[in-house]
Each structure stands twice: as C-alpha cells, then as structure tokens.
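What follows is a single chain, given as structure tokens, in the form predicted alone.
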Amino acid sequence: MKTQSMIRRQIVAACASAVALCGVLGVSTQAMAQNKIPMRISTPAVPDDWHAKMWTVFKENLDKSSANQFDVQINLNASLFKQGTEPAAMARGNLELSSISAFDIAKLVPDFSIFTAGYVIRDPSHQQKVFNGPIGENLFKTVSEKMDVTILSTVYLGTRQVNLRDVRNVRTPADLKGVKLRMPGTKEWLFLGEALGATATPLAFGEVYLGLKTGTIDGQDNPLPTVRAAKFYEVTKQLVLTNHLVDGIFIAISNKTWNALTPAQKQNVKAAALAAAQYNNENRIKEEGQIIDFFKKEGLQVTTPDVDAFQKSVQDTYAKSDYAKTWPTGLLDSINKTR
C-alpha cells in the first residue's frame, strides 16, 4: 500500500516530466518557427485591389504545397518599403518578394523601356503571350543578371485610362495641354505623361487622393479597377478612355532567396506565383468589363477620345526619343508579330 510520502514523490516526478516535456515541445515549436524561410512581401497595393488580394492566394498555395517551410508576411499600402524602392531592397537581400513594374525594371535594363511606351502591348492576352514566350524568357534572364531578382510571373495590372478632377473636352493630346497629370516619379513614367500631351507631375500613389481633392494635381492615370479600389472616383469627375497602356507588374523574388531554395521549393514558389497572377488576371479582366456602369452611377462622365490620334502622337513621340534608341533591333517587330 502506497504511503502519502510515496504518492507525493510520484506526483512531483510526474510534474517534473510534464515540465520537461513542455520545455522540449516549446523549444521544438520555436525551432520550427525559426527554421521557416521568411517571405516578406512589400506592395503599394490597397487592400481592395486584386493585386493585393493575389498575395493571399500566393500564401495559401505556398502553405499548402510546402507546409511549415515558409513564413509568408504580406505588407500592403507600401507599409514596408515605398513604391519603387522594392527592387533595390530585394537586390540588397532586405526583402524577399514584391511586384515590380516595367518602369522599375527599365531603370537598370534599358531594353525593358519598350514596355513603358504607350500602345505597344495590345491587350491582356497579347501581354501574356509576349512575356510567357521567348521574348519574356530572354529579357527575364537579363533582369536576373542586372537586378539580382528572378521574375516568377506576369500580372495584368489593367489598361490605363486618364482620370480628371474636372470635366474637359478631350479629343486629342493637345486637349490635355496644361493638365497636371500625376505620374509615378521616374523619368520613364513622366515621359509617358508628357507624350500624352499633359504636364506630368510626380506624386506617390498614397498621396494621389488628397492631391486630387485639393487640386495639387488635375488628374491621374490608372487602370479602372485601381481607380475604384483607391476611391479616386470620389474626387474626380471624368474618365477619358485613352487605353494608352496595357499595364503589367511582375512578381519577383530576390536572387539571394531564390538561389537558396531547393528545386522542389523553387517549383512550389513558382507555382504559387503563377496561381496568384492567374487569380488577379481573371478577376481584373472580369471587373474591367463591368466597371464603367459603376463610375457612371457615381456621377463620372465617361468619354472616348480619338484614340487613333493619341496612338499616333504617342508612338511618334517615342520613335523620336532616346528610349527607342535603346530598344534591341527587331524587338518591336517581334512584339507586334506575337499572336
């Protein structure tokens, strides 16, 4: 028969074992968390935009295919890095993933400036065929060599339109003369704004709403889903359907991170990026087909200018520019011939 002393000793021993086990489990859990590969994502996208939501799709796909291997951290609203600074952060190894624009890439890869020119890519389907084919493959190799990032997928950002604070009769680029049109603050973006006939004005995306409200700028250009997601329709009165740029961004990963992955991990990360892009592209195209009615109900005037006049003027401006001199011989023809 057990004495009370024996029972107490057994209880103490059991508690000690439990504490030890909890300690082991705690260390094990902590070690597991520390062993996960960090995947910090920085994007200027607002939460309601498709290219913000696509990162959740990326995370879900990667968590499913690579359980407990990655720690995916999504940072929206440029809360981690300012728009345009992400490529440098990835090259330094301070950031793992972001979506970068053709304008970002063109700073270091001049060949890529052809995709910053107006009226080069015809539509979303053409965009995917160009970048998923030999043209994209060759250019992405150069991007990796010069920027220390690997492009994983091409994301349709939308077809950019001009959005004005006050109603104007806009038929040709001459009708935008004197209009302070917000553009991101790189020379490539500003050149496009000038090519449209406006006075290109650099301003960070996060400052556009207030700039429109106060009159610091007279207008901005963005795809229509972005106009809705950022609520620019609240502080503007007109949309001019110039269709001047079929815009794209590229899901990219730091080479430092990419090169440290196993072949299986690379395959899963790539698959997650493709799934994210497909989610965005399908939803964005669908939304663009329905969104005009929304803006009309909000009181915006939606007008269509002489798009042929815009196209001719913009293409002539680029043809005479230093940008065209950097384009590889035959690249524009190859893009045009891609079907």
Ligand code: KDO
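Quick note: we count residues from 1 along the sequence shown, nothing fancier. Predicted model only: the values in this text are computed from it and were never measured.
If you look for the form predicted in complex with this ligand, you will not find it shown, but the lines that follow are about it.
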Subject >> Contact assignment for this ligand in the model of the complex, among 140, 81, 258, 205, heavy atom within 4.5 Å >> reply: 205
**OP:** May I ask you to choose, among 119, 189, 115, 131, the residue with a heavy atom within 4.5 Å of this ligand in the model of the complex?
**Re:** 189
Subject >> Output flag, 159, 163 and 238 jointly within 4.5 Å of this ligand in the model of the complex, heavy atom basis >> reply: no
Original post:
Can residue 277 be called a contact residue for this ligand in the model of the complex at 4.5 Å between heavy atoms?
Top reply: no
Original post:
Taking the shortest heavy atom distance, is residue 198 within 4.5 Å of this ligand in the model of the complex?
Top reply: no
Subject >> in the model of the complex, residue 305 touching this ligand (heavy atom, 4.5 Å) >> reply: no
Subject >> Touches this ligand in the model of the complex: residue 184 (any heavy atom, 4.5 Å) >> reply: yes
Original post:
Can you say which of 305-313, 268-276, 286-294, 47-55 gets within 4.5 Å of this ligand in the model of the complex, counting heavy atoms only?
Top reply: 47-55
Subject >> Heavy atom within 4.5 Å of this ligand in the model of the complex - qualifying residues of 214-253 >> reply: 221, 222, 226, 249
